[in-house]
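A single chain comes next, written as structure tokens; it is the form predicted on its own.
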């Protein structure tokens, strides 16, 4: 790993040094002290020293970190590179972690469902959309999001009433998507389509009539409904809905989440912090695990997992509901002026100190600034994960051991979840881990479109300004993370596939 990082950094340093010319800016200069400025630039950047030798001078500061004297040098603006990166890395992590996580979860889930229902209506539809999204340039997607999800949505909030035609079309789209997920015979498909469309139509009509967008809230009924839906999904994946104890663990946890809704509001006061959010998750997860333990004395770990994952997923609506409670005050504040979805920047600089001290308002501001870039990155990455996971699972489902599992009489859910999906994750492991490392290196185009000062923009500025130290600072972090990601992927292979584990 060290040899690879050394070789890559040596090549990158020399290629950048030989391809750039910091003195080109003085070519058309008419300054009286032009010769002095050229001499100063040569001295400051050590341009009279061959790049290979300069590389080892730079490397000495990196290696000195072993004895606590780490130094990446100064940028051309005389600011330590380490300080610039220390400000840029959190920005990029905040931007890409959510997008990558959502793309992985939804992309792999949809991809595996399309593989299970190969050549179905749902498979053809998602294949079409995945190829469509995969081919779209991200800067164009970002511009469309700015227009329709920011500018026009902010205009819509002036009178948030949904036209009947939009309600009808949105309900039909939701019905088709849900019916595609459900699958089944033609009668079942159209039954789910009608039920889902009717449900969506009623919800949208209620939202429009009550002007829900001005004072959004999930409330105890919304949280309870989502908790029940999460419980059904978790039960189906772990034990199947035909397991009585599994149903008791999942649905019991969902009921407990609903009961805890009001008591947990006391933990989430206006002067709350991240610790309060962690406390909420700790309480709900503990309750879920205890319910799993109480359900059965046999195979407790299975029911504990049902309780744990149901509680974990169902706690997010409670947290989101608490953020929604502050939306009305945030929307009507002078800093926002009725236009809550921003198109540029990573924070609203006009918020008052009192608002910034409120954890929920400051968090809501951060979340709204994340909406557009997160959706842009998620859509593009989502398409890739759909294709990768679909192909991987289809390959696994054609293996001999899958046919053997079916021949032994195992039900289809067990064959797919326990034998198929786990082994299908093996080729995806490298992609997943390397995507995290690559994205932390910087999303240059997305950060540029939305004016985020993260690693991508720092890297772009370093190239444009011939700032070799800053360029190498970004490169060494990206290279190290990439090599480390491959090492982590090698370790994860043994977790995903027991055959790879090394035993004494």
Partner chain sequence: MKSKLTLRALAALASTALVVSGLSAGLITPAQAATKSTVTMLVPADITSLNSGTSDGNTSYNAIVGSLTGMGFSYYDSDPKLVMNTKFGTMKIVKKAAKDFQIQYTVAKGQQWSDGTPIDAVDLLLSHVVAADEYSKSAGLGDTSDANTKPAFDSVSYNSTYGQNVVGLPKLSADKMSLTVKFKKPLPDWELLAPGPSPVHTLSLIADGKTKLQSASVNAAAKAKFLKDFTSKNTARLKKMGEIWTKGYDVTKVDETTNPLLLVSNGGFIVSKFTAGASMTLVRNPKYNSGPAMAKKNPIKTVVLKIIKDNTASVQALRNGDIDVYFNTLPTGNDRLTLEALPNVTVFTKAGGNYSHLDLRTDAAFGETDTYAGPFAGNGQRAKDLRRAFLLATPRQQLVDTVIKPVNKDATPANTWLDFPGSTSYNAITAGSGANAIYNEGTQADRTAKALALVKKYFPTASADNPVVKIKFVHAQTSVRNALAALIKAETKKAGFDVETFPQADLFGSRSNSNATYDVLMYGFGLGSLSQANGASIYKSDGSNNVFGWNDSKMDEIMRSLENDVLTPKEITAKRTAADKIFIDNSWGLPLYFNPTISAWNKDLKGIDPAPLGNNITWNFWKWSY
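For the two forms, the rigid core is made up of the largest set of C-alpha atoms that agree within 1.5 Å on superposition. A quick note: this is a predicted structure, and the numbers were derived from the prediction, not measured. Residue numbers count along the first chain shown, from 1.
What comes next is about the form predicted in complex with its partner chain, which is not displayed.
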item	value
Close approach of residue 50 to its partner chain in the model of the complex, 4.5 Å, heavy atom	no
Proximity of residue 190 to its partner chain in the model of the complex, heavy atoms at 4.5 Å	yes
Residue 178: touches its partner chain in the model of the complex, heavy atom cutoff 4.5 angstroms	no
Touches its partner chain in the model of the complex: residue 400 (any heavy atom, 4.5 Å)	no
Residue stretch of 291-299, 264-272, 221-229, 345-353 approaching its partner chain in the model of the complex, non-hydrogen atom distance within 4.5 Å	345-353
Complete contact of 62, 415 and 435 with its partner chain in the model of the complex (any heavy atom, 4.5 Å)	no
Residue among 151, 283, 312, 93 with a heavy atom within 4.5 Å of its partner chain in the model of the complex	151
Its partner chain: the contacting residue among 255, 168, 241, 431 in the model of the complex [heavy atom, 4.5 Å]	168
Residues from 392-412 in contact with its partner chain (non-hydrogen atom within 4.5 Å) in the model of the complex	none
Displaced residue check between the shown form and the other one: residue 463, CA, 2 Å or over, core reference	no
Core-aligned C-alpha movement of residue 451 between the shown form and the other one reaching 2 Å	no
